[in-house]
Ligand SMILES: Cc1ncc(COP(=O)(O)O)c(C=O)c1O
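Next comes just one chain, in structure tokens: the form predicted alone.
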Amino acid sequence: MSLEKLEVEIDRELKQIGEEGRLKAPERVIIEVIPPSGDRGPRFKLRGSDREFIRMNSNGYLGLAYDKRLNKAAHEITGKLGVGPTAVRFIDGTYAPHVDLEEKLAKFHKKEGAKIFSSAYMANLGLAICLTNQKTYYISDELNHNSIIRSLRVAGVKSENKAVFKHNDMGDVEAKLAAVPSGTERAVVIFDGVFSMRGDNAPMGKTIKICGEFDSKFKDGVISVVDDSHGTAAYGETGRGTPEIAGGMGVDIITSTMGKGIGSNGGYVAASAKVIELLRQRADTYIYTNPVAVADAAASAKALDIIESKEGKGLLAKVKENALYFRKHIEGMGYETLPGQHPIVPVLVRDTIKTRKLVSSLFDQGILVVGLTFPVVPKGDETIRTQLCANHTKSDIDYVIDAFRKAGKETGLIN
């Protein structure tokens, strides 16, 4: 059988995606990372270009992905244990670095246990599979990440077993909990810690308090779940993210990633020992797929050591300082941003054509940014998401600020 008939339908589907404005441009390919030197942070070279770029779209908030100590840890353990685990966890694919990392993650989040997955997406999906039964009801923030939304669908959560609350609206959370249908035995309130397109965070302390007030209404209680992928190792005095800065250390379950602030790869869940054992027994995305490579696990463990040290606190202070400095000057120029403490600083353009022109102008000046336009965001909310990192130097940020000034004037966004 050939694919000719199928490919006709694929062409139609791709054309429709393009007409809706959702067709992604070809991916840029990074071929070299030039280490920091003097007053310059790291630079990136792309295939097909001799230019060196500053990344303002990296999730590596502490700059640890390029730390030689992580590289050394990954290299050494690969030499001892091999490139890949060659099996799933329960068929002798569990290596010492996997267990060591899980113990460190549990300690870091002050939980009884942790379980690592191939990605945070798979962690959210595995958790949803384990928490969901016919008498589970979910209450989810309207701006939650795709991995949460998709996880509930894959876990078989029906429309009558879930409600969506207005973004960060605690009154609506209360109303949704009060309206949970009778016969429900388990309620799950689930939300992002940091909302990745906006850089704002959930009011976790208030959320947890409301969950506690309704807990006795349900046989299995009200379970609070936060995906803090953009919060972990990104902000908070000790890098514990949104739970630390928003009074949410008492959250029941944390899902997160090693692929952003920690600088490596993979995802995880941190929770009580019994929840973690349930994941080990029932989470399809844990049981039926290989774990991350031992190199990823060892690099992540080394990153946690750094984050927990005095040096780590300095990196967290630096990224906070960089974000405040950039935000102050961008707003001072007349650009609109959203309030927040996170190193994600969204620059609201509110026009698709101007957003694309701004991204193009910044690219021409050697700066990589992400432009978010309809239908990724609603019409009128078109945004450039900038992300500050600890390895951005003041000279780098000043250059980016000047580039935004030039691009803004070219597009008529600022005077």
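A quick note: this is a predicted structure, and the numbers were derived from the prediction, not measured. Position 1 is the first residue in the sequence shown; the rest follow in order.
In what follows, reference is made to the form predicted in complex with the named molecule, a form of this protein that is not presented.
Of the residues N322, T285, T257, T136, just one reaches the named molecule in the predicted bound form with a heavy atom at 4.5 Å or closer; this is T257. The partner is absent here; in the predicted bound form, the one residue of T207, S140, N201, S119 having a heavy atom within 4.5 Å of the named molecule is S119.
Taking the partner from elsewhere, S147 is found to have a heavy atom lying within 4.5 Å of the named molecule in the predicted bound form.
Proximity of H342 to the named molecule in the predicted bound form: non-hydrogen atoms within 4.5 Å are absent; the residue sits far from the partner. Remark: G266 counts among the residues lining the named molecule in the predicted bound form, judged by a heavy atom distance of 4.5 Å or less.
Taking the partner from the other structure, the named molecule in the predicted bound form has a heavy atom within 4.5 Å of a heavy atom of S229.
Between 245-253, 89-97, 221-229, 308-316, the stretch whose residues reach within 4.5 angstroms of the named molecule in the predicted bound form through a non-hydrogen atom is 221-229. For the stretch 166-192, the set of residues having any non-hydrogen atom within 4.5 angstroms of the named molecule in the predicted bound form comprises only D192.
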